[in-house]
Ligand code: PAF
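In structure tokens, one chain follows: the form predicted alone.
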């Protein structure tokens, strides 16, 4: 495995694959890796000839400086995990390398209704930062396939929309959520939870499972209310729970019309914000 901190070195390395028409897969991360990240690496290894992982805690997608500061960082452990997984190259740049002075890296794109609900509502400006860093990293790596986790479902749709709208030559691939034994979706933020809080947070997945049973008996808005009530437990503070169209992210009014339905939720456990979702249709 090769480690690159400069764009020039990474591009030179990738050229040897590109010149032989070998497919390049890319897994962007903010580090603090877990089995969920490694599942993306495995998907890339299975379907491309070269897998690149990146570790970059992107400052432009954090709403609060304190959240950026608290974000878990374990670069040595991350590199060991990527090496063991069989990753070919790791890009670990500085913010100055990604956002050099004088280079406009903003993405002038209207995401419309995709960016307004849920994460867009509670983390204003978040998706501008996501689009900015993903577009910049795609410009640097130029991969054939980009692998993203389903846990960040809204983020996946935003990035897919950007790739299509800008005619980027990269296929955006979504990969299933990897969960802990108690059902909690794996997340770097879980590192900030105590053992007791991890058990409390499992209520989110249990509620998502319950929603599948409620769907046949109650209309969408009622199901959402029941889910929010179920999450009113000691140590938990639900932020939102919505049943949305899996393509447009708009609230569903019935279960028959949409071709896909996704239950999306966010909760606070102590001072840690967690998100999860389940594809119901």
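Residue numbers count along the first chain shown, from 1. Quick caveat, the model's predicted, so the values are computed rather than measured.
A second form of this protein, the form predicted in complex with the ligand, is not displayed here; the remarks below concern that form.
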### Query
Would residue 28 show up as a contact with the ligand in the predicted complex if we use heavy atoms at 4.5 Å?
yes
### 4.5 angstroms heavy atom contact with the ligand in the predicted complex for residue 155
yes
### Message
How about residue 140 - does it come within 4.5 Å of the ligand in the predicted complex, if we only consider non-hydrogen atoms?
### Response
no
### Query
Heavy atoms within 4.5 Å of the ligand in the predicted complex: does residue 133 have any?
yes
### Query
Picking from 125-133, 109-117, 170-178, 78-86, which part of the chain touches the ligand in the predicted complex when contact means heavy atoms within 4.5 Å?
125-133
### Message
Let me test this: is every residue among 58, 61 and 148 within 4.5 Å of the ligand in the predicted complex, going by heavy atom positions?
### Response
yes
### Message
With the partner left out here, which residues of 217-247 have a non-hydrogen atom within 4.5 Å of the ligand in the predicted complex?
### Response
none
